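Okay, so here's just one chain, in structure tokens, the form predicted alone.
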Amino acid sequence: MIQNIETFLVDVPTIRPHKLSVATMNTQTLVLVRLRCADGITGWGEATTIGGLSYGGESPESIKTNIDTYIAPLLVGMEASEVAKAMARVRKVIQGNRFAKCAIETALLDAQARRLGVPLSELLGGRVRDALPVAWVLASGDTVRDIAEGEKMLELRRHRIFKLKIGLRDVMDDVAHVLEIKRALGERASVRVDVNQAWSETDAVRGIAALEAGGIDLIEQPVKAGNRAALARLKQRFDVAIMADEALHGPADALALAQADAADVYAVKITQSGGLLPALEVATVARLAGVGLYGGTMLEGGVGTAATAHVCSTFAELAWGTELFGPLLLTQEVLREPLVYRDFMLQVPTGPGLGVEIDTDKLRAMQRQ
């Protein structure tokens, strides 16, 4: 039986400013959920977002309020081992709130996998890979600094896929910045860009043409999420892969994008999908439509990153890797043992449940009062 559900807000400084077209982050607010069961099992989930309300319709504060006020009372007293029944109740009664729902489903699945003594991935069909390629985002906005950071990551054998956040500056200024980095890193690395919806279709045509000619491998969400037709036209016009991110809020969007032939790649995010199981449905639509997969991040800490890693470990194909670097961007860790990154890969945890343990003393010290 579910005894209680608690949410924690944890403000963690980043190792450097992280510049997106929608926000510049100096701190990340982790939203952690603890679900305690009558049999002594505890499950954890995470619902972290980016930049308050800059990125999406849920903020850390609204996620905490809605879980505490509306979702937790629905679930307390229900059978903890009946995850599907619990989530069916939440999805029937609660509208929207994808991030909050994801954290709750993660905590339920973590608890159930611990109860059974298996990694969470085994409740999702079973893993086919034990390690995932991980991209690093070069987002200081300074070309020389970004090149130095990329070189350091290659030397450490931590990352050889680099994503550049662009869209704040003039299109051709951004293109010049990206191509200078690509020339410096050359064939040693895959260089990609994320525009975070900042371009008009006209700007996108100019920018993508130059980026494609310069050897950039992937263009993420160049235009507004709602402009599916423009995304489709860009996909048809260019050979470089076009990835949907903000346009993808779960399985229904995945199907609509596939029907419109609007993307080459889907960024699968468990929070954007509304949970781990809906994220698997997004991946299934992609597989049936011949769309490539990429494991996306909301710059979560160790809990959310581990959850996404378990999901991605079950994908038969993961052609574009992942960007599960969130914990590496943070100056403090809430896990007792951090996730393991080596040889350009994140090692998927193998212990029961998520395979990670929260350091509750650290959590108490770090949580927002």
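What you are looking at is a predicted structure, and each value in this text was computed from that prediction instead of being measured. In this text, residue numbers run from 1 along the sequence as written.
As for the form predicted in complex with a small molecule, it is not shown, yet the points below apply to it.
Novice: Given that the small molecule is not shown alongside this chain, does residue 98 nevertheless sit within 4.5 Å of it in the model of the complex, heavy atom to heavy atom?
Specialist: Although the small molecule is absent here, residue 98 would stay clear of it in the model of the complex, with no heavy atoms inside 4.5 Å.
Novice: I'd like to know whether residue 297 contacts the small molecule in the model of the complex, with contact meaning heavy atoms within 4.5 angstroms.
Specialist: Residue-level check for residue 297: yes, a contact with the small molecule.
Novice: Does any part of residue 137 reach within 4.5 Å of the small molecule in the model of the complex? Heavy atoms only, please.
Specialist: Because a heavy atom of residue 137 falls inside 4.5 Å of the small molecule in the model of the complex, the answer is yes.
Novice: Consider residue 182 of the chain shown here, and say whether it contacts the small molecule in the model of the complex, taking contact as heavy atoms within 4.5 Å.
Specialist: It does not: once the small molecule is placed as it appears in the model of the complex, residue 182 has no heavy atom within 4.5 Å of it.
Novice: Tell me which of 254-262, 143-151, 233-241, 189-197 has residues with heavy atoms within 4.5 angstroms of the small molecule in the model of the complex?
Specialist: Contact-bearing stretch, as computed: 189-197.
Novice: Within 4.5 Å of the small molecule in the model of the complex, heavy atoms considered, which of 344, 320, 325, 315?
Specialist: Contact check passes for 325.
Novice: Answer with one of 177, 160, 127, 163: the residue that has a non-hydrogen atom within 4.5 Å of the small molecule in the model of the complex.
Specialist: Contact with the small molecule in the model of the complex is made by 163 alone.
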